[in-house]
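Structure 1 and structure 2, given next as structure tokens, are two forms of the same protein chain, each shown alone.
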Structure 1
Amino acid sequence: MNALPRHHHGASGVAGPLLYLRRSHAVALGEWVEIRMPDRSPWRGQVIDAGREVTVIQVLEETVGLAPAQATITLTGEEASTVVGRELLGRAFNGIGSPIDGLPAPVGEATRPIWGAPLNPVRRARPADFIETGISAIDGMNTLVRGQKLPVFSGPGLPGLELAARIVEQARAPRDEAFAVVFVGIGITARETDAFLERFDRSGARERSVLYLNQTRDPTIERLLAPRVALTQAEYLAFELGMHVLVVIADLTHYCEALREIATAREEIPGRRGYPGYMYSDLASIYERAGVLTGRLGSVTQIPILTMPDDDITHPIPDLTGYITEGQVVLSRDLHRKGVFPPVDVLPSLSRLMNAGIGEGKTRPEHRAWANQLYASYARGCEARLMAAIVGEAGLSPVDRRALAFSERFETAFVGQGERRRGIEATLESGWQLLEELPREDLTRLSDAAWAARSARATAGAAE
């Protein structure tokens, strides 16, 4: 790109967020545009369809009051970019990177295009460093590692954001390395934002974080830029300054709705439930911006949060997300009603990178077998619960009855840890205690070796 700016007097039309320009030359796809009218602050936009006959510009602010014939349109010759740098830590911006904390705009250390380029897959290093979140259902059963993208599938009214806040507050990297948080709020309410920030402040995480907040009242279309502006900053901190960056994005559901709105405005053929057919690729261009690079220090880890409409995990938003991310942490309304916090349903939850992050030298050698056994016993208990609903507990076999009792305790004592942070040792210990209440023959996933190792350690612990 990098052509000189060109000015057009008058556009041919505007419809919703789209502005149409006739007979323009040398327009570049993705080019950044400024639209001016007398006595108004300029609008910003981007070329999404460059054509000799008609060029379409997506305007990033509310287009109310835009009179196309009277506007001056400047094609800037540049692509959408944002200022990045260490200096942004501790600051708050809106979705397109303008300060909202009353301080002057940062000069930054560099300006980077927000769309990013795909990481060359051969330059990626395999994520394998355990991040201790202090949450048993995650650390023990669905371990998070550096460079992973692990979303939280929440539901309306479920504490997804609260769980994310807690992770940010509690997360410990294995070695005491430089780490930062980038938080992107997309279409979330002021109340939610405040609650989140309050936790942040309390934990002293504020100085090492950068906030990008697109609030409910902000233009929808800005929602499409917010995560990209934020990830550009995250990548800079990670890959150029060598920091370990945790990116929390809430709420992706609002992002997808904005995407649908634009697609509708462009009269595109709608895909499932009205969402555009390219939503998979679009979401991937956000989620895939997580990772670790060979020979560089830092990492980008993403925890996106989304709300499953109607608690429906097959809805296109969670569905496409699950197809891109490396697992998911699913919240359960049932557990929430029972007062379990965090209400993580471990069965549909998954961390695909867990195996690389656990075991000898990372957590404990028997971590895998331990988790397999907890899963097996809990799954059996849940199955028994369904059966008991029909035939009554008395109709269950003794093994099933034990599994049922186990699953109840697993939910309240292990998953439902409440407000306290649990280190990985405490998490494993809590799981062992539940398993030990079952007779040895019910623990078919535990080899004698794993069992012996545990018994030896338990005895040694008791002797101390």
Structure 2
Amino acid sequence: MNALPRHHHGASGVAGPLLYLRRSHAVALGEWVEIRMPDRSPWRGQVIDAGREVTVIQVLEETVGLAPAQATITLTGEEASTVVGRELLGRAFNGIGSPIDGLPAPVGEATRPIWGAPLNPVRRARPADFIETGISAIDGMNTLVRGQKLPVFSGPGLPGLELAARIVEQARAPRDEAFAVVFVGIGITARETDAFLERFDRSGARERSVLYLNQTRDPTIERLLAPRVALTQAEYLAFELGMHVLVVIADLTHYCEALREIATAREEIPGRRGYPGYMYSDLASIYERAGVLTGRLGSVTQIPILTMPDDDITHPIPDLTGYITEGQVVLSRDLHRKGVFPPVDVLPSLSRLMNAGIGEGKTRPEHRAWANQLYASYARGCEARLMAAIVGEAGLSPVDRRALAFSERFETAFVGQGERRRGIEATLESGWQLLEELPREDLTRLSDAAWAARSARATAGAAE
């Protein structure tokens, strides 16, 4: 872009964080704007609507003291861009890419526009491997595949941010390939910001991570920019440097609230629950930047974490997210009350690309049958729990009592792993140990081939 700056004296009006400019020409969406008033430092803004009659500018700071008729507005001709490169690993930035770690601004290897386009479907490669998060309920039951978008549906008071931090610390490519994590905190508090920085320093995860931390006190527009700045860095690491990049975004609910706030200020006709009607396409412009490209070594994988208001999975944010992404990991309030961490409810959780990331050469050939049996046995135990609430445990059949006991052990010993990180081998072994406590006649989802693979592996382990 880089057009010459254009100066305008006086704007037609201001409404909250929005400034309205008439009779402007050759304006580009996302263009940076400088707004000056006498005897004070300038405001910075960005064009969010380049209309034929009116240009809408989102001001990045409080507009108190801004008199639109007296302001000088400069359209800089510069598009919203960010510095990218390997040098950013280990650094922490705010939502627009400015350093917050006390170090100088990075030089980087390139400058890229943040309004990147979704990956071209024609150039997408089929996902064929997985990323190990260290969380058994994800790696074993809802495997995360490279290039996938797998959101976590949390709720108020549930440890969604804690799970995000664990994934940042524990995730890795299983074959020691070049791997990096880009973490985006949207609308987090100053205390949470300090806690993330201290925690990642202590765990050593900071060295292979780039952190973009947008705080609640930051301007609203920064919440909309933060994930795009982060994804621009992730795309460079993945498709220019050949790294496998995991992007963890928390909390997408704050992003959508910012989208609604700006739409309200623009007096747009609201959609469901006051959110703008274009929220679906806006979220898709973020989610669809994940993927694997044909002929490129790297990949971009996303784990967006969002808080469902009132635990309502039909709320517009999780509802629209579910349409765009390939599955979901749902956190359970009942498991959280029991002290299970991470409180992942495996029954409504789903990874639609799981089969592409497991099996021979990736995990174990019996992984799919193993997961199916765990699902079936746990589902039967949950049904037995409901029945026991009516007739009492003594009224259950022996098979139902075994299933009920299995469900309790599954929640505490498999899903609930506490502070421990489990690799994929430890996850599979933990599940096998639970299944082997049940009689063979209860394990109808396991084929003879799966049992043979299990026996051969156990024999080889004993020999070693």
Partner chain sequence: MSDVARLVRIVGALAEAEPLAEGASLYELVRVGNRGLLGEVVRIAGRRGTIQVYEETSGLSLGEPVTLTHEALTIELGPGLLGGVLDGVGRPLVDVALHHGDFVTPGTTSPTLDAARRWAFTPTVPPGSVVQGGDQLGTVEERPGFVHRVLVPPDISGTVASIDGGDFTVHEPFGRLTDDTPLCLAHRWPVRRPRPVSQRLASHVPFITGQRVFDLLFPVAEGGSVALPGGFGTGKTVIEQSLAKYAKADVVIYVGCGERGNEMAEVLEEFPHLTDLRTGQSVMDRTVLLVNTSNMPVAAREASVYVGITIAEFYRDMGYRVALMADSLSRWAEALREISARLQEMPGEEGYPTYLGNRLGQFYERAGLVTTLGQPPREGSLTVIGAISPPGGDFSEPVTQASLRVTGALWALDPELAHQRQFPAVDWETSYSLHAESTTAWFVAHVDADWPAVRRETLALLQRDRDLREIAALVGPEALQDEDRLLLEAARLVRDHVLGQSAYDPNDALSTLTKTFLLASLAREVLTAGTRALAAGRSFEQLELTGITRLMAELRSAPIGELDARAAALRQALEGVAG
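One-based numbering along structure 1's sequence throughout. Please read these numbers as outputs of a predicted model, since none were measured by experiment. Whichever C-alpha set is largest while still superposing within 1.5 Å between the two forms counts as the rigid core.
Here the chain coming from the form predicted alone is structure 2, while structure 1 comes from the other form. With a cut-off of 2 Å and the rigid core superposed, R260 has a Cα displacement that falls short of the cut-off between structure 1 and structure 2. When the rigid core is held fixed, the Cα atom of Q46 travels 2 angstroms or more between structure 1 and structure 2.
In a rigid-core overlay of the protein, T76 has its C-alpha displaced by at least 2 Å between structure 1 and structure 2. Per-residue C-alpha deviation between structure 1 and structure 2, core superposed: I57, 2.7 Å. When the core is overlaid, the C-alpha of G30 ends up 4.4 Å from its other position between structure 1 and structure 2.
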